[in-house]
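The chain below stands alone and is given in structure tokens; this is the form predicted on its own.
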């Protein structure tokens, strides 16, 4: 289990060393990061065979006084996704040592978010993740990137203030920031209006990165200004680690009907506004950006269901988005710009067009693709919840899914129209298309293995929602430190 700390320490150490190594050899600096990421993948594979869940005290200080890492199947899955997606997005030819260092800082901080067991640690690594994101966006050096980064920075700063206020309220009422001890105290100490206020503050604070309505205004500008591989990384990875943090806090500390109602309302608002904006968009990258907002809204609707069923529904949508959205952004490297330029592109780029159709069908929720099963879990969970708000949310999702299908199939029709292509053929044999194809292949493989994957996800979700098990694992039998 000592390897668990290395999952965080090695990427951070590599980020520190890379600029110095780059002064000697830029090639060595670019290659060091991928080697460390591959080693971290190997470490995760070894930890997966251990008896889970397990809590690891850092520095020998037992929680709640010390910092602990909590390993369960969901934490390891998201840590694995961090290393795989950053390795897949690695800029082999155009990257600089500074960019490589920022990517490794992003890897270390996001992996730490997946494994952290206390709010203080979560806040520290959340800020490190933010700093790495800012640097990666602005490194392009263009005016649009500077302006987008400034807006992202301002909203993230607001999110930080809200997050700190929420954490301060939690600490004021409980005297601790350890999630396991908070899970013990929350039913008594955080059951009133103060607890709900703390949850809303933390939700909006962390929700900036999770593309939560109404703090997601930075998304279209940043995704349009950033390189496409980075847009895919922000949409597919960074937002998902923020989602995982919110899931832990929801399940362990704020598991109440009021908190779930807030998630249903904000999630539906994000889904509706994102998909309607995507329908109106006339630029390919902006369409994908607004679509990402809509899909993240659906994740929060899933969490608003509550219990293990809500965890499973939200995580299923998040994992599907983690595969589909980066693949679409990689395709946008060749097809970025006005949607009018995509007229008849299927004749020039039949493989890329077919891949887009596959991803679009899965996003809409056409069976038997994974997107269908993810949305079905949300629909069934809302139906089982049975409240008036749940039924209203369900109706809104079904209605807006028609809008989602309309703009995606409209674009498919443009691809296969009879008009002449408007610009040079996409780089079908480039690395961008290969990365998109790998993610699309993973989506197809998931469709064939949907039953065992569903059973695994059900077990992982039940374990993540098992609060007494979490307390016992971290604090010992009876919940005593």
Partner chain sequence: MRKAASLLFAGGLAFLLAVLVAKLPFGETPMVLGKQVLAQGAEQTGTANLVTSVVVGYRAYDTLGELSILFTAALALGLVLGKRNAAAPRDPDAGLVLRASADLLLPLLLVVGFYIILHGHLTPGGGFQGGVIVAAALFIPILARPSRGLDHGVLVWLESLAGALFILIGLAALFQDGAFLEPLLGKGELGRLLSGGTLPLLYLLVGVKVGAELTGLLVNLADAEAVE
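Numbering follows the first chain given and starts at 1. Bear in mind that the values here come from a model prediction, so they are computed numbers and not experimental data.
FYI, the form predicted in complex with the partner chain isn't displayed, but the following is about it.
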Task: 19, 112 and 132 all contacting the partner chain in the predicted bound form, non-hydrogen atom within 4.5 Å - done: yes
TODO: Could you tell me which of 382 to 390, 98 to 106, 309 to 317, 244 to 252 sits within 4.5 Å of the partner chain in the predicted bound form, going by non-hydrogen atoms?
DONE: 98 to 106
- [ ] Select from the listed residues 445, 28, 35, 65 the one whose heavy atoms reach within 4.5 Å of the partner chain in the predicted bound form.
- [x] 65
Task: Residue (of 216, 121, 401, 260) lying close to the partner chain in the predicted bound form, criterion heavy atoms within 4.5 Å - done: 121
Open item on the list: With the partner left out here, check for me: in the predicted bound form, does some heavy atom of residue 352 sit within 4.5 Å of the partner chain?
Closed with: no
Open item on the list: Can you work out whether residue 13 and the partner chain are in contact in the predicted bound form, taking contact to mean some heavy atom pair no more than 4.5 Å apart?
Closed with: yes
TODO: Would you check, heavy atoms only and a 4.5 Å threshold, whether residue 375 touches the partner chain in the predicted bound form?
DONE: no
Open item on the list: Is it the case that residue 172, even though its partner is missing from this view, gets within 4.5 Å of the partner chain in the predicted bound form, heavy atoms only?
Closed with: yes
Task: Residues in 55 to 80 close to the partner chain in the predicted bound form, defined by a heavy atom within 4.5 Å, in order - done: 57, 58, 59, 60, 61, 64, 65, 66, 67, 69
